[in-house]
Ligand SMILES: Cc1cc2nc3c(=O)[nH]c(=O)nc-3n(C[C@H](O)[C@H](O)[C@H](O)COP(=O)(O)O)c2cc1C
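What follows is one chain in structure tokens, specifically the form predicted alone.
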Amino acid sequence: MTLYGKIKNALKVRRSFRKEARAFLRLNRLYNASSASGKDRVKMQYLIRREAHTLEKGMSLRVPRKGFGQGKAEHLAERIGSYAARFGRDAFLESPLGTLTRYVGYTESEGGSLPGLRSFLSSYGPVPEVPAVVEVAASDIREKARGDFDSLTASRHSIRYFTTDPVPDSLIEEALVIASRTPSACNRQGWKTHLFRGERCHSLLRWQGGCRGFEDEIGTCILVTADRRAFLYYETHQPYVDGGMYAMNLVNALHYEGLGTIPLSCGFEAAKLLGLRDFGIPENEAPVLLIGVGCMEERFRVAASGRRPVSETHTVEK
């Protein structure tokens, strides 16, 4: 390439990055859930759903810490109250109110007392029965995982405690082969996987921070990344698209092989992502998902994680 061509290409890349930065800042300011969420019905619903799930997760642990989550439960009640005051008590609130009711009942069954939350809930009258935690059997999960696709996806759960049995390399390798069939932009297959075990796995889980209190239950984890070198200057988001598709296929493949998993987000600020240097992850790889992997116990609890109806997420364009 001539000097003129190099300069022209550099200017093109620079203009593209500037446009991308401006668009990111504008969209983040307008639509990020941390901004003006109290006035936006949809933002509040996402936040309430997120906060209710933290209580579900806590109740699904092997040995929930006595009195856990009280501050989060009180914050959730405040959020529900603000939502109801602004938008009324609609059908959306039934699920988070049900989860909060389950949490209060669980705490009281363990000898705790939450009169403030009990009084808050009584002001809303009867709340429909909503499961926050369900008990499942590993044998049932393994059988359904080998059925049709609907059965496979319906039987997958995020699992927060495992046996101490080592995860067989053969099962991980088979899952990696299955996931390698994931489609990618122009067949570039820019995904990478990094396997960690033992204390290195625990350290990586502590860095991620999404499984405080049960990271020692997970002896194996796989970090999915996407190689930025596979993509062009105008494909800023493509590493996360391709990497996300691959990561979901890998989660399903591990489930198909009879292993338990818990997907853990890597959507962090740049400063936090620098911590991956300590684990040997090169800066040319964009972290997409950290997957905790383990052998399932025969019976265990999982968060119910109710799903939104398709009518709320699907639009038929005319």
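Counting begins at 1, following the sequence as shown. Treat the numbers as computed from the prediction; the structure is a model and nothing was measured.
One more form of this protein, predicted together with the ligand, exists but is not displayed; see below.
For the options Arg307, Arg299, Lys12, Arg18, the residue carrying a heavy atom within 4.5 angstroms of the ligand in the model of the complex is Arg307. Proximity to the ligand in the model of the complex, defined as a heavy atom within 4.5 Å, holds among Thr163, Ser158, Thr236, Ser184 only for Ser158.
Proximity of Arg228, Met245 and Asn284 to the ligand in the model of the complex is absent: no residue of the three has a non-hydrogen atom within 4.5 angstroms.
Not displayed here, the ligand is approached by His53 to within 4.5 Å at the level of heavy atoms in the model of the complex. Contact annotation: Gly258 falls outside 4.5 Å of the ligand in the model of the complex, judged by heavy atom distances. In the model of the complex, at least one heavy atom of Gly210 sits within 4.5 Å of the ligand. Although the partner is absent from this view, Phe214 contacts the ligand in the model of the complex, with a non-hydrogen atom inside 4.5 angstroms. Here the chain stands alone, but in the model of the complex its contact with the ligand, taken as any heavy atom within 4.5 Å, falls in 261-269 among 275-283, 32-40, 261-269, 66-74. Contacts of stretch 1-18 with the ligand in the model of the complex, defined by any heavy atom lying within 4.5 Å, are made by none of its residues.
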